[in-house]
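A single chain comes next, written as structure tokens; it is the form predicted alone.
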């Protein structure tokens, strides 16, 4: 499990900049992010190197934010790997509620960050490992 930082921001110019400015001031490294439009507000989801410090820094500046446990897996990037991953989840009755992914260069390493509703069952973990996926923890993101 890793911690995902969710930041709720007004959907207007400068808000994403302000979040990144605060994180930069606190020497927090953003490893991955996505921004979702939700009408008047947006949701920034980030994987950072120091999630607790990031949440505190943003909260102190008035941003509504929360940490959420998510599951992250990696596998060498190649066609069909997302299909293999979702097949394993489906076969083990794991519901993926939210997901985003990226590829780390050099090395061509695909990383998939998933919010799942249930605890990842051991059978799913075993099948992921058998298929060459690696479950990541926060220390793995330090080296990305």
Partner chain sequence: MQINFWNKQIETASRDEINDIQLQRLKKIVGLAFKSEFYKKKFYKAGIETPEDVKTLEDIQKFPFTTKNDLRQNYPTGLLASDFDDVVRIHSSSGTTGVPTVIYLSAEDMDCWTELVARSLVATGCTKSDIFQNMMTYGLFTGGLGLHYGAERVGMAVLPIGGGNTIRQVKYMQDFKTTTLHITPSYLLHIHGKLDEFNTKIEDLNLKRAITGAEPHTEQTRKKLEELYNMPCYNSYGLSEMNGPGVAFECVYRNGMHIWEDGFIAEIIDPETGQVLPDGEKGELVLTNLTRTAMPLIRYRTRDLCHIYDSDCPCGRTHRRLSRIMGRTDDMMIINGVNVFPSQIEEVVMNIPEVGTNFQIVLAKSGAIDKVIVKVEIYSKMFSGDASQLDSLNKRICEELKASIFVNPAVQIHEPGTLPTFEGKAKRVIDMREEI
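Predicted, not measured: the structure shown is a model, and the values here were computed from it. Residue numbers count along the first chain shown, from 1.
Only in words, not in the display: the form predicted together with its partner chain, which the text now covers.
Taking non-hydrogen atoms only, residue 10 approaches its partner chain to within 4.5 angstroms in the model of the complex.
In the model of the complex, at least one heavy atom of residue 63 sits within 4.5 Å of its partner chain.
Although the partner is absent here, residue 83 sits far enough away that none of its heavy atoms falls within 4.5 Å of its partner chain in the model of the complex. A residue is said to contact a partner when one of its heavy atoms sits within 4.5 Å of a partner heavy atom; residue 95 fails this definition for its partner chain in the model of the complex, lying far away. For the three marked residues, 3, 27 and 142, no heavy atom of any sits within 4.5 Å of its partner chain in the model of the complex. Of the residues 43, 75, 104, 32, just one reaches its partner chain in the model of the complex with a heavy atom at 4.5 Å or closer; this is 43.
Note on the partner interface in the model of the complex: the residue among 108, 90, 119, 36 having a heavy atom within 4.5 angstroms of its partner chain is 36. Contact residues in stretch 89-128 (any heavy atom within 4.5 Å of its partner chain, taken in the model of the complex) are limited to 115.
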